[in-house]
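A lone chain, given as structure tokens: the form predicted on its own.
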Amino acid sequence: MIITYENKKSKEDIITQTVSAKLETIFGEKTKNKLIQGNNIQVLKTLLSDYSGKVDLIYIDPPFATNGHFKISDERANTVSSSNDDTIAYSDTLIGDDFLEFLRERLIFLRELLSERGSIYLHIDYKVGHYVKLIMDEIFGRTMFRNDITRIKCNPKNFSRKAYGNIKDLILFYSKSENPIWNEPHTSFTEADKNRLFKRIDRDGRRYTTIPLHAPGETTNGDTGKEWRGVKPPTGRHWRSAPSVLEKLDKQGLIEWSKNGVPRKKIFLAEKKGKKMQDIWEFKDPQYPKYPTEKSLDLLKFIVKASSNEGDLVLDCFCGSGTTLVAAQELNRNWIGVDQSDQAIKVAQKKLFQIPASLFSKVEYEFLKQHNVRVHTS
């Protein structure tokens, strides 16, 4: 299904008609990490010449079509502030079709920048997320859709409007190919989990559970369909491993036999990394943000760890306060951040300076001190 609206351009027109940015100065021109100030679609077109197919992970937190201004004060960041003393950090005034096309144009360039094993995470809210998913289906392909992640953003609030409270937004996760970079994330077992999932305790005090040694699918040829220790797999099933492997597991004490003579494999708690991460995340926003709509550093670190490896390139073209860049730097990834806002660049640089100097190369740190990056467009 392809979403249609009045001002939708062709992909060819978007690519040919977008003006490239003339990059005057880039922080990190002698390094792999770059903080760029400018119109992000023009910067993205310029980056294509050097980075097409080279970006391994993209995270973006674009405007949400709120039709408001987001301001920042010396004390804290405020959303849609009415104070005349506060400085506008950015304006989110595109709505409807204009907003959708604004986002679509940038996604087209972002896909071109992604490596074949790259992924993109797009942070959006419940009001426009379903429209944005259709656009991402169109650009990246429906089969490249990985997850619609629910992110718990705050504690429950007691609004008076006639609707349920809103404590979540969403993250749309897509890959460029069927084989993206993926480091399986896990969460730690709680004590309740341990007691519930690993009920057995061996004589050494180790918690464990057991799983069947057979799997669905009958095998008439091959070892996994043969009898082992006088036992055959149940009808319509086969051994998960050949009888010779099962024999080794039994000698190692890794098979438990029931009173009825049914073998099962032992799985010890100590062997497990934790629970597989599900698609509801609780990473709440900072209570006192330095920049409007600032996201949790733990959230960005989680994404960077899951979908990139050390030395990979991470891109955020709505980088705001620079949380994505900080996460990438602290996790030994390379990064490119882009934002048009003067306030965003200032806050991002301040955040980067709070990272221990030992996590930067000497050249990177010197450039970070010397350059307040600006971009001139022709």
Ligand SMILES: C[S@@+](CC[C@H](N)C(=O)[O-])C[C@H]1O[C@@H](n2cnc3c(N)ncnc32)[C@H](O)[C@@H]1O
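All values derive from a computational prediction rather than experimental measurement. Throughout, we count residues from 1 along the sequence that is shown.
Beyond the structure shown, there is the form predicted in complex with this ligand, which is absent from this document and is the topic of what follows.
- Shown without its partner, this chain lists K284, K226, K275, R106 as candidates; in the model of the complex, only R106 has a non-hydrogen atom within 4.5 angstroms of this ligand.
- The stretch among 306-314, 50-58, 328-336, 37-45 whose residues place heavy atoms within 4.5 Å of this ligand in the model of the complex is 37-45.
- Remark: Y291 counts among the residues lining this ligand in the model of the complex, judged by a heavy atom distance of 4.5 Å or less.
- Although the partner is absent here, Q340 lies within 4.5 Å of this ligand in the model of the complex, judged by heavy atoms.
- With a 4.5 Å cutoff on heavy atoms, L352 does not count as touching this ligand in the model of the complex; it lies far away.
- In the model of the complex, this ligand stays beyond 4.5 Å of every heavy atom belonging to H214.
- Scanning 308-331 for heavy atoms within 4.5 Å of this ligand in the model of the complex gives C317, F318, C319, G320, S321, G322, T323 in sequence order.
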